[in-house]
Structures are given as C-alpha cells and as structure tokens.
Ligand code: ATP
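Let's start with one chain on its own, the form predicted on its own, as structure tokens.
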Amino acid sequence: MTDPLIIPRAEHGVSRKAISPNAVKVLYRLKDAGFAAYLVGGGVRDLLLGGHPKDFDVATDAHPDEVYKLFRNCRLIGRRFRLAHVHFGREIIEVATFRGHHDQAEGENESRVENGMLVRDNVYGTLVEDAWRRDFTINALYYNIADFSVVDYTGGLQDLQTRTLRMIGDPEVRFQEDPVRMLRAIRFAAKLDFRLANELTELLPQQAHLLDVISSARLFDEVLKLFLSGHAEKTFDLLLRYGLFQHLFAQTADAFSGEDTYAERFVRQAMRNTDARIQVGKPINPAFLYAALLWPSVHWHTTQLQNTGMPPMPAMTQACREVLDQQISQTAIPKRFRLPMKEIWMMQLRLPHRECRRSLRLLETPRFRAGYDFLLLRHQAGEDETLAELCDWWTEIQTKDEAGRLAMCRPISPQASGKKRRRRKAKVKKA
C-alpha cells in the first residue's frame, strides 16, 4: 500500500458550503468526540466533479455503538454491514465504521465468505484499509473535516481527471465477492459518462452469469437504481453491450433476438421517456417501468395464444401470468406492483373500444392515465400504424366536457346491445 495523496484545501474544490449542513454537524460531532471523521464516496466524487450530490456518507473509526451514543437521532441497521443512520427529518446521514479485510476476522459473526461471495462483513479496520476495501477508485476519496483536505489512496483523483471507472483490486475477485458490483459499474459509467477501464470491459461479459446467484429481491432494487437515475437509455445500451441485460430480463432479451426490431425499439423508447420525465421532475412508477420492460414478452405470448384460437382477453390474461411467474425468478416484483402492471397491460385491450359507456367508465378508472401513457409509448415505438388514430382520439376526449365526450363516443351497436340483453335474460333464467 502506497502513501496517500493528500490535497490541501487550497488545491481542491470541495467546500463545506456545498455539503449538507446535517452532514457537517455529524462530522464535527465525531471529530469533537475524538474520532476520525471523513466525508466519503459519491458525495466527495460529485463535489470534485462540480456536481450537487443529494446523499452524503460519513466514514469514521468510531464503532456503530459509539456513534449511537453520540446521536439521540441515530438508528443502527444491517447485518451484512452494520451501519449507523443519523436522522434529521427526512434526511439520513449514513455513518460507517472503517472496514478492514474480511480475512482478518476474529469470529464467524464478523466475516463470512461462501463460494467466494462475501455474505457478512463487520470487520473493522483503519482508514487505509477502508479505502482499499471500496469498489471503485473514484468512490474511495475522503474529505477530512479536521483540516479540509482530500485524501486519495487508490488513484481516484487521476481517474476522475481521465473520466475512467476502475475497480480497486482484482476485478475478478471483487465481482465474485459481490456480483452486483457489475451493475454498479454500469450505473456509474452511465450516470457519470465515464469509460470503463479495459480490464472491466473484458471481464463483464465473462462474469455476467454470476448475477444468477443474487437474490431476486436484491436485483429488483438494483434494477430501479439502474433505470431511475436519469440515464436509463445509456444504462440499457451498456447492459446489452456487456451481456448483463439477459441476466435481469431473460424473456425480454429473447424477444430482441428475432428479426423484428420492435421489441428493442419499444424498450429503448420507454427508457428515453423515463429519462425525459426524470429530467423535468416527474415521478416514475416502478409498475409502469416493469410493465414496459416486460411488454415485448407479454405481447409476443399473447399473439401466440391468439394464433391458437384463444380469444384476446383470456390470451392476455394467461400471457401476463406466465411472464410474471417467470420474471420473479430473476427479479422479484412486489405484489403491490404486479396488479398495476396487469391492469396497464389489460387496458391495452380495452382502449380500442370507444362505445359511450365503456369510454366514459375507462376515463374514470384509477389506472386510465397509466394505460393511456402506455398506449402512446406503443405508438411511439412503431408497434402498429393504426395506433395513431386511437392515440389522437383518447388525447382529444380528455380535453372535452361531458357533452363533448358524448358527442365523440360511438353509440352502442344494436348487435352488441342485443348480446347484452340475451346475457341478462340468461342470468335471470339461471336465478
């Protein structure tokens, strides 16, 4: 291990004024209590790049129980990594104890490795050990509240200047310890517009299969981080380029393999729209995001079932169930999102029917807006030329008053009305 590069306050751009006041409070209280206190990670990285970070993490030689005693508003969390969360209203300052190498653990409870993967890691160490334990060089920069210097053990400052994402240590070993680091590499490369170091570009496709052993619940969370950072389209491109996408969405990746390019165009357009909404501060519902990511497979399965003679609604229902059942083996989808996803998909069969009562009822349903936006997305991706007129109709009817809406609606055909009367009579007879 080499001596650190220490950049004094006069030679770097990190200012306390740009740091959350609550993070500064935590840093000073730790320092005044006799502990080392450093701002670390993405906050330092983004400040050096001239950005405005939202999250600020603190590293210290104080153990979690010692941090807990210093802050009445502190909560201790985590098993794999024991962390202190200091709460200031909605803002949380995360405080982590310097970590040592897991092979230095004194007992089974501190560190545990299974098949090369680190499953528990509460081994405490020094500042230099903590720096070399982090994932990427640009995330191993420390701002010292004691003298306002920036400390660099791993060459992170040089990689910031060359805009290079480089793993600390042997990338193959680090990916085996935690395969999710591959997804973090993609996320940071897309978010920061950095190039991946050569050793990463060669290794990612070879190690992508390691993602298959990660819990589906953890991968669900990682997918949201990947695509809700404001750089979804670039993230999508990188996941495809390095063979990671298929280990998150195998069914969708299979849909990309055919001659028809619609599936990939659709997902790309969904990513582009997601970025546009985030840029203007609009929220993204995870149910809509996942509905878009899985639509190529749902659409394909529905078409195949209809080709066997199954009516559209049962075909869509079965396709939804089969696709969701298969997907949750890769990335878990909480139940609170599955029902909205199904409703968005099923709405695509209901929107083409524009009879008066049906149309007006659809406009009042809670999921109408999501279903309508999904219809627009299908049109933008070029699924079917006939969708243009349908999109225009639903766009216009939303601007009308009740009389205008009634004027736009189609009357119920005598044939359809007769079918309804016959169904009512049949129900009466059964009763």
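The structure displayed is predicted, hence computed values, not measured ones. One rule holds for the numbers: they count along the sequence shown, beginning at 1.
Just so it is clear, the following notes concern the form predicted in complex with the ligand, a form of the same protein that is not shown.
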Heavy atom of D55 within 4.5 Å of the ligand in the model of the complex: yes
Please determine whether N139 contacts the ligand in the model of the complex, using a 4.5 Å cut-off between heavy atoms. yes
For D135, is any heavy atom within 4.5 Å of the ligand in the model of the complex, or not? yes
I'd like to check something about P64: if you look in the model of the complex, is any of its heavy atoms closer than or equal to 4.5 Å to a heavy atom of the ligand? no
Of the candidate stretches 348-356, 305-313, 126-134, 202-210, the one with residues having heavy atoms within 4.5 Å of the ligand in the model of the complex is 126-134
Using heavy atoms only and a 4.5 Å cut-off, decide whether all three of G42, D46 and R218 touch the ligand in the model of the complex. yes
Report the residue, out of H247, H299, K191, R338, that has at least one non-hydrogen atom within 4.5 angstroms of the ligand in the model of the complex. K191
Select from the listed residues R166, K234, R181, K342 the one whose heavy atoms reach within 4.5 Å of the ligand in the model of the complex. R181
